[in-house]
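Let's start with one chain on its own, the form predicted on its own, as structure tokens.
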């Protein structure tokens, strides 16, 4: 396996590279992103570049001719990039990398990061969708994820390689940039005044394990990757000892401006989750990929709030020399 990881500079891409380094069948690992990885990698090679430079991206991909691609180059708005950058980076990386890889003739399998956002939360949509449920994204990030799936699947059918679309629940854990996580860690969190919708999360390590398993599997199609259980918005706020601020109707616009002023912008897909929830049936992914036990949504929430705790060092504490 000669693996290319797009988005390697992010927490998920870096963790996936570490897991792949331990596999004997993986002979080469290459990665690309606009920022370098923040963890130590033993064998993987990283190339930093402007992801909007499609010609340079395509040239790099053709040089390494990957057999497998772990496509984390699907950038969530207000995670590591602005909404405009997210859209530009996602489109350029998807089109340039996948297009160039197919032209090499070496590509055998692609696994892409997608999200439960592709199902949308419009009226009539199932509250707990499975992989057979219709996709009808109702936010810009949802439409972006679905477009990435469509490009990958279209190339796969045309050139004869399988594509696994990992439709992940919102990803949480320590040190992973997440617009939902930032909002939940605010001292006061906007919550729906007249409802208490449920949502699910997936731990960052489980998301990386799912990507590695998808690269090693023969599954062709979408899979929901969801931590077991769910939490309601009010439950999550109470778990973190935050102050809930009930919001109704047009007041969500004011709440969005307030959280952005506080340093935690709420893109539309996060507002949608807080107002209407977001969960799915993830049993098929566990069976197909053999993931074993996953961290529960409640456990991911707990870790999310533990990360926010800072322990001060006393000035009179002994210091080793």
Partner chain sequence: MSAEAVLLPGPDGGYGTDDDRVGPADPLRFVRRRFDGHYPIDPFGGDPQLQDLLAPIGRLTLPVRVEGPGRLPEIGPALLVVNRGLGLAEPVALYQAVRREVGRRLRVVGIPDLPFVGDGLRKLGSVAQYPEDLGAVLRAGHLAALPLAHTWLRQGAGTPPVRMLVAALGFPVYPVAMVPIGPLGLPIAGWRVRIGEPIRLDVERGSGDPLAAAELAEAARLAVDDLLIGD
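Values in this document were obtained by computation on a predicted structure and should not be read as measured data. Numbering follows the first chain given and starts at 1.
Absent from the display: the form predicted in complex with its partner chain. The rest refers to it.
The stretch from 104-112, 225-233, 167-175, 142-150 that comes within 4.5 Å of its partner chain in the model of the complex, counting heavy atoms only, is 225-233.
Residue contact check for residue 160: none of its heavy atoms lie within 4.5 Å of its partner chain in the model of the complex.
Its partner chain in the model of the complex comes within 4.5 Å of a heavy atom belonging to residue 123. For the chain shown alone, residue 45 is not a contact residue for its partner chain in the model of the complex, no non-hydrogen atom being within 4.5 angstroms. Looking at residue 281, you'd find a heavy atom of it within 4.5 angstroms of its partner chain in the model of the complex. The three marked residues, 129, 197 and 298, each reach its partner chain in the model of the complex, with a heavy atom inside 4.5 Å. Checking 55, 50, 287, 63 for any heavy atom within 4.5 Å of its partner chain in the model of the complex turns up a single hit: 287. Note on contacts: among 95, 188, 239, 88, the single residue with a heavy atom within 4.5 Å of its partner chain in the model of the complex is 239.
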